[in-house]
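What follows is a pair of forms of the same protein chain, given separately as structure tokens and numbered structure 1 and structure 2.
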Structure 1
């Protein structure tokens, strides 16, 4: 047991039917029906391989995309094919989740067989609106159809979906109410890495915060500065633009209008409060870049406002940030510092990511865009740890007890801190 949660080591697996919730949610190419990235799938392979090799009758549950955006809402059939290729063995698939066909297929599983059910979000109880509008307790979620139909067929529930640990949905928090439960190897690893980052980072500890999820950045910034975790916070992208507005700088109509039209202006006073409270820890860009005909253009802060949309940090800022990174003991990055997908506005992110990979510091990277940037620049192997979690990671680093962590701890308490091995 670790962190008050059972691990796979606490249970005899051979011959048991194991429901394993993984997070293999990836960008989908709808034209080809293929996955654009395999990072999360690769992350859960150790748990899947171990459970199968130990003789489990293994049932995988996963979501793909969300009901609030249809872009990546898709079947998990491609995931089964990819998993089979990476594992070097057959991975079964059924286009059902809780219906008679799925249940019969689970009953017929043999030791070491692996079955992936279809997208759990095809079931209404797993949808985001079901979660946010009803706010059911884990006990109430244990009585939903997802749990009521599948739990009687299983002996053990394993959650390896740390990336979804901030969600409160039946397949994530309901099974722990009725089944012996454990965390998988990826969940365990990410919990350990982030706990170390929170509790005892090598100094100086630097956070790089950018990207488009502004609420996450400011939530994290307040915590890591307030608790003394971060010695410096390097800002870029919309995070930096909002902080410059909070300082009273006119960054230009295009950038200011974009912030307002994206309903992000409410974070300007939040940024002002952080700057006032932690003036020596927050580092703002000294120059910025934008794209126009002919390519990339840069300007110093004293040259603001800018008519074009600001889209990257400038060379001077990048050089200073790289210097800070190279002198750091720990660097954590969440969110690119510019529009990295474009050559003209990807310089800043590339410079910082390459510095993280080559500096010898303990480097931790999290968030989908951050990972995509690392893959784009070919530096992923130089990063000490790449966390699959986005929202879960942010909330963990903001001091929240994640719903799935709480559910797993409660399951361990109900079992008397014992697994099957000691019963």
Structure 2
């Protein structure tokens, strides 16, 4: 046990059917199905390898999200191929999650065999929207399709999905109600490193919040400012555009329409509230950039509105953010500050990531796209710690007991008084 949670060491694995929830949600090229980054997949290899080598019949459960918030879920077939390549052995795949064919494949697994099920979020109960609208208790989650169909086939549930530990969804918090449960090795490592970091972050403590997960970004912003964890929050990308709209700026039709058509307009008043509450801590861009005919163009805020879609912070903003980073004790980054995948609009993210890597501050970067950007710019080695979790990392830092941590702790407590033994 560590942190009140069982580890793999507490269980006999040989011959057992183990359901292992991993987070291998990676930026993906939706046309070709190729994964643009493998960091999260590599991160869970130790757990997968260990469970399989110890003789588990191993069933992997995972989700693969889309490009903006929670749209466009994608199959996990490419992940099975990549996993097989990295492990140097076959990883089975079935395009089913809870149906009769998936259950039959699980029943026929042999010792050491590994099977990856299809995207668990193809099952509607796993959707984040479902999570926020219905707010089921873990006990209710244990009666959902995913848990009710799969748990009877398994002996042990292992959660290695630290990056999704802030989600309260059946595959993440439901199995702990009905199966002996443990955290995987990656989960254990992330928990340990972040707990140490949280104890006494060197000041000033700066957060860079960008990315496409807007609801998460604003929630994190209010928490880290409200709890006095962040001395400054540097904003970029859509987060900054929504904040500028909240300040009453006309950012231009293309960007405003994009925000409205992505159903993000509801965050404009949220952003306004945060700006009002923490005026000295939120830092907004002073200039912005967009792509035109393949090239980069910039404009100052006073030159707004912009006809084109805004897609990066400008040079002046980047220089100011870099200055703040260099004077910081700790920097946490979650979410790129522009469309970094494109040469014309990657400047801001690159400048900030390079500053994090080269300044003497303690730098921590988390989340699928942030990691992909770090790998793209070759700065991974200079970053003090790269966490597979983005939203999960920031919420963990805010001192909140994450739903998955709570469920694993409850399972460990329960194992004491219901007769479940760490076998």
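Numbering follows the first chain given and starts at 1. Keep in mind the model is a prediction, meaning the values are calculated, not measured.
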Check your understanding: Out of structure 1 and structure 2, where do we see the form predicted together with 3-phosphoglyceric acid (3PG)?
Key -> 2
Study note, to complete from the structure: Ok so the rigid pieces rotate between structures 1 and 2 and the hinge, of 309, 199, 343, 166, is 199
Review point. Rotation (°) of the smaller rigid part relative to the larger between structures 1 and 2?
Key: 23
